[in-house]
Ligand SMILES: NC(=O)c1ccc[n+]([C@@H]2O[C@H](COP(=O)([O-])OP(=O)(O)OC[C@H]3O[C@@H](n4cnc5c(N)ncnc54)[C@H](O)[C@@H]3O)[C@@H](O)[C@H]2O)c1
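Read the single chain below, which is given as structure tokens and is the form predicted alone.
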Amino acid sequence: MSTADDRALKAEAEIGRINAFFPILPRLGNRWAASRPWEGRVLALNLHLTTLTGALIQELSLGGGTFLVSAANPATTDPGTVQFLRNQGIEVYTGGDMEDRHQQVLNHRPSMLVDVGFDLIHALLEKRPDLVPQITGAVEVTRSGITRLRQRKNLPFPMMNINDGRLKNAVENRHGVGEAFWQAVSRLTGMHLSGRRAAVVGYGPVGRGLAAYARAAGLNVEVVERDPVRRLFAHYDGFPTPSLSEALSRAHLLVTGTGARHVVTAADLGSARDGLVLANAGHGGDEIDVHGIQRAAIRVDQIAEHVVRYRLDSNARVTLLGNGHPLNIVLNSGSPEPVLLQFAVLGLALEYLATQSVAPGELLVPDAIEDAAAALALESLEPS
């Protein structure tokens, strides 16, 4: 048996384990197998290719149609999941052949889209406008993608925003990322977290979860936040709110969760405490200016996979985890339930767009979809 097949079997086993303890997606898969909402359609999905994504696509594909997948980020792509999906007859494009993975997906002329970060839809609008008239609906999952969407005017097809619904921020962003990130740090470093000092940069839904779970793990937590309202929230939640420079000077661990670009740069690290561990939990891979840190480093040591230590001009050592990519996704860590809940919302959103007449432009996920997903989650949490 080849290595690729071994990896696919491992991914399949992981999907089976996940579904055994939280069968929200198989319940939807049974529904879609009966109703076939995507019969005759071509659906393109640009997602982080983890085993959780494999679980989603396995159930979606029961609903008819042709499914095509592109990797949202090569750093968050699990080879076993890629092979598992290909074994199911699904085309998967990772960019590993140096081709534009989004263009490869669009070459199949999809009629429905799913995106994280607006990259696939941007490629469609800018490079393949000839395909726009056949797009009947799209779903965007992330805050960064919605921000990019709103920078455009007159989107010519309906796009459902599931990021700003009631469930994404309250469950996945807060509990899913909050729990998963600190588990990933422990796995990679072997550090016992209790008693150390952590700085969380950003106090949106992700940052709040990171801070809450860090406190629960016994860390002494500070929050860096530019927005005065969110900084006030952090204060009343009991967290000191220093400047970035002040936090860097004393933090053992610093995590970004803002969705913004280059919130921590090499210049900022001039005030860093020696031994700082630096990581990102936001969607993209550019919240930390990794290339700037690499250029500024006077020495680089590969400590372990996903663990690189840089010595800076100040003689401080800074250890970067996951090369600045979202660490919880890189390691596929944490409880799968919050992500699977949001994937249920995603699938129901696609079903809605396939079966309803919807006007072009942004559409907030309807309450009925989130009510249905929450009810399914509660059923799935009940002991069988």
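What you are looking at is a predicted structure, and each value in this text was computed from that prediction instead of being measured. A residue's number is simply how far along the shown sequence it sits, counting from 1. The term rigid core refers to the most C-alpha atoms you can superpose between the two forms while keeping them within 1.5 Å.
One more form of this protein, predicted in complex with the ligand, exists but is not displayed; see below.
Enquirer: Contact with the ligand in the predicted complex for residue 137, defined as at least one heavy atom pair within 4.5 Å: yes or no?
Expert: No - in the predicted complex, heavy atoms of residue 137 and the ligand never come within 4.5 Å of each other.
Enquirer: Quick one: does residue 287 come within 4.5 Å of the ligand in the predicted complex, counting heavy atoms only?
Expert: Although the ligand is absent here, residue 287 would touch it in the predicted complex, with heavy atoms inside 4.5 Å.
Enquirer: If we define contact as a non-hydrogen atom of the residue within 4.5 angstroms of the partner, is residue 260 a contact of the ligand in the predicted complex?
Expert: Output for residue 260 is yes: heavy atoms within 4.5 Å of the ligand.
Enquirer: Indicate whether the ligand has at least one heavy atom within 4.5 Å of a heavy atom of residue 227 in the predicted complex.
Expert: Answer yes; at least one heavy atom of residue 227 falls within 4.5 Å of the ligand in the predicted complex.
Enquirer: For the three residues 142, 145 and 161, verify that every one has a non-hydrogen atom within 4.5 Å of the ligand in the predicted complex; reply yes or no.
Expert: Checking in the predicted complex: none of 142, 145 and 161 is within 4.5 Å of the ligand.
Enquirer: Just one of 321, 349, 49, 329 has a heavy atom within 4.5 Å of the ligand in the predicted complex. Which one?
Expert: Selected residue: 329.
Enquirer: Though the ligand is not shown, can you say which of 185, 120, 211, 177 has a heavy atom within 4.5 Å of it in the predicted complex?
Expert: Flagged contact: 177.
Enquirer: Which of these stretches, 128 to 136, 218 to 226, 295 to 303, 77 to 85, has heavy atoms within 4.5 Å of the ligand in the predicted complex?
Expert: The contacting stretch here is 218 to 226.
Enquirer: Which residues within 206 to 220 place at least one heavy atom within 4.5 Å of the ligand in the predicted complex?
Expert: Counting only heavy atoms within 4.5 Å of the ligand in the predicted complex, the contacting residues of 206 to 220 are 206, 207.
Enquirer: Does residue 69 show a Cα shift reaching 2 Å between this form and the one not shown after rigid-core superposition?
Expert: Superposed on the core, residue 69 moves its C-alpha less than 2 Å between this form and the one not shown.
Enquirer: Core aligned, does the CA of residue 226 move at least 2 Å between this form and the one not shown?
Expert: Superposed on the core, residue 226 moves its C-alpha 2 Å or more between this form and the one not shown.
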